[in-house]
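Given next, in C-alpha cells, is a single chain: the form predicted on its own.
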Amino acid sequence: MKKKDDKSRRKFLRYTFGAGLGTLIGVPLISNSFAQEGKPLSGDKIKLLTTDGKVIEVDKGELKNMASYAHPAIDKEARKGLPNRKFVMVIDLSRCKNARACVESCQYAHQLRPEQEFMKVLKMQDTEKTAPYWMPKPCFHCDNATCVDVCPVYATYKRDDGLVLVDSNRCIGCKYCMVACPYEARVFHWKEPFRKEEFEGMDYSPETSVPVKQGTVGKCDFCPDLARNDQLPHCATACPEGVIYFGDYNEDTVTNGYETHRLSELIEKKSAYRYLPHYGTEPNVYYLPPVDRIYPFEETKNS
C-alpha cells in the first residue's frame, strides 16, 4: 500500500443518495490513510476486497473506525424521516466469513459495550447434513413492527422512510418491545454506557442512538444520520467482503460501496428471501442464499 501522502486515496467512502443510488461510485475500501495514528498493530490479519477486485491482507490495527455524527436530526425531524425514501438492506450470505468488522464498527459508533451487539453474526446450519454458514443479523425495520405496537410511551416508532427507531428520551425501560420482537434484535442498557466521557455534552438523537442512556433499550438503527449525509451505514462500509448492501426500495437500487444493483433484479436472480416471513412482520432486510461461496466456512475465535 502507498504511504499517507498518496493523495489519490480518500479517507471516507462517499455516496450521493440525492442524485440517485444508480450513480454511486465506490472508492478503494482500504489504504494507509485509514490507519489510526498511535494504534498498534494487532497481529490479527484480515482479508479485504478492493474495488478493483483484488484480495489483500492487512492488519486489523490499520483500519480506522469511521464513526460520524454529522448533523443528525432531533425531535420532530428525527421522528418523520427522510422524504420519499424507503430504506432497505440486502445481506449476501455467500460472502460472509465472520470477520466481525460490521459488529465492531457498529459497537464503536453506537457507544456499545464489548458484550453488546446491535449487529450479530450467527452460525447457521439448516440441517445436520448441510454445510454451516455465517448470518449477519441486524434489526429488520419491519413494516408491521410489533415493537412499535406495544410501546406504551411511543418511544419506539416507525418513520416515513421505513426505519424503526427508539427515542431514549421517551423510553422508560419497560422492555415490552424486547418481548414483542420475534428476532431478538434489541439490547437493554443495564450498565453505564461505554466511553461515556467521549459523548458528554452531545445532544441525543434517535438517528445516532447516542449518547446512550442507562436503563433504556437500544437497537440497530440503519445509521440514518449517515444516510442524511450521503453515506452508507457503518456496518456496510466496514465490511471487508462487501456482504452488506444498502439502498432505497423506491429507487429499486442498493449498493455495498463498489457494486450497485437493481434491488428487484438482485432479489429475482439471486433468489433472495426474508428471515422468518411467517411472522407477518414484513422485514426490510433481504438475504441472498449462501451458494457459490467466496470463502469456505471456518470456525472463528468469536463463534
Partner chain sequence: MKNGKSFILWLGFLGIFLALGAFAALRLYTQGSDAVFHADDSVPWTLLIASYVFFVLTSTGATIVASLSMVFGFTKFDPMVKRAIFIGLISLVAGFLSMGLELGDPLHMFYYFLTPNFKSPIWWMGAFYMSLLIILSIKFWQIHKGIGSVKLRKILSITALILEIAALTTLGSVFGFIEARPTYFGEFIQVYFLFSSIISGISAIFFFSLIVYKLKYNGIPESLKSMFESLSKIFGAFIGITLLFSIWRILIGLYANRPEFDALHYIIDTWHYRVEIFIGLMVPFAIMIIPNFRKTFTGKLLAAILVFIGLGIERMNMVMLGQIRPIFPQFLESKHIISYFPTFWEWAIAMFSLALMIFLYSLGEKYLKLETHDISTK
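Bear in mind that the values here come from a model prediction, so they are computed numbers and not experimental data. Residue numbers count along the first chain shown, from 1.
The following text describes the form predicted together with its partner chain, which does not appear among the structures shown.
A.B. asks: When its partner chain is placed as it is in the model of the complex, which of 100-108, 226-234, 165-173, 193-201 ends up with heavy atoms within 4.5 Å of it?
C.D. replies: Result of the contact check: 165-173.
A.B. asks: Check Tyr279 for me: does it contact its partner chain in the model of the complex (non-hydrogen atoms, 4.5 angstroms)?
C.D. replies: Yes, Tyr279 sits close enough to its partner chain in the model of the complex that at least one of its heavy atoms falls within 4.5 Å.
A.B. asks: How about Gly215 - does it come within 4.5 Å of its partner chain in the model of the complex, if we only consider non-hydrogen atoms?
C.D. replies: The answer is yes: Gly215 has a heavy atom within 4.5 Å of its partner chain.
A.B. asks: Is there a heavy atom of Met89 lying 4.5 Å or less from a heavy atom of its partner chain in the model of the complex?
C.D. replies: Output for Met89 is no: heavy atoms all beyond 4.5 Å of its partner chain.
A.B. asks: Is Cys96 close enough to touch its partner chain in the model of the complex, meaning at least one heavy atom pair within 4.5 Å?
C.D. replies: Cys96 lies outside the contact set for its partner chain.
A.B. asks: Could you work out which of Cys151, Ala73, Val210, Cys142 is the residue within 4.5 angstroms of its partner chain in the model of the complex, going by heavy atoms?
C.D. replies: The residue from Cys151, Ala73, Val210, Cys142 that makes the contact is Cys151.
A.B. asks: Looking in the model of the complex, is its partner chain within 4.5 Å of a heavy atom from each of Lys219, Ala272 and Leu288?
C.D. replies: No, none of Lys219, Ala272 and Leu288 comes within 4.5 Å of its partner chain in the model of the complex.
A.B. asks: Going through 172-188 from first to last, which residues have a non-hydrogen atom within 4.5 Å of its partner chain in the model of the complex?
C.D. replies: The stretch 172-188, when checked against its partner chain in the model of the complex, contributes Ile172, Gly173, Cys174, Lys175, Tyr176, Met178, Val179, Ala180, Cys181, Pro182, Tyr183, Glu184, Arg186, Val187, Phe188 at the 4.5 Å heavy-atom cut-off.
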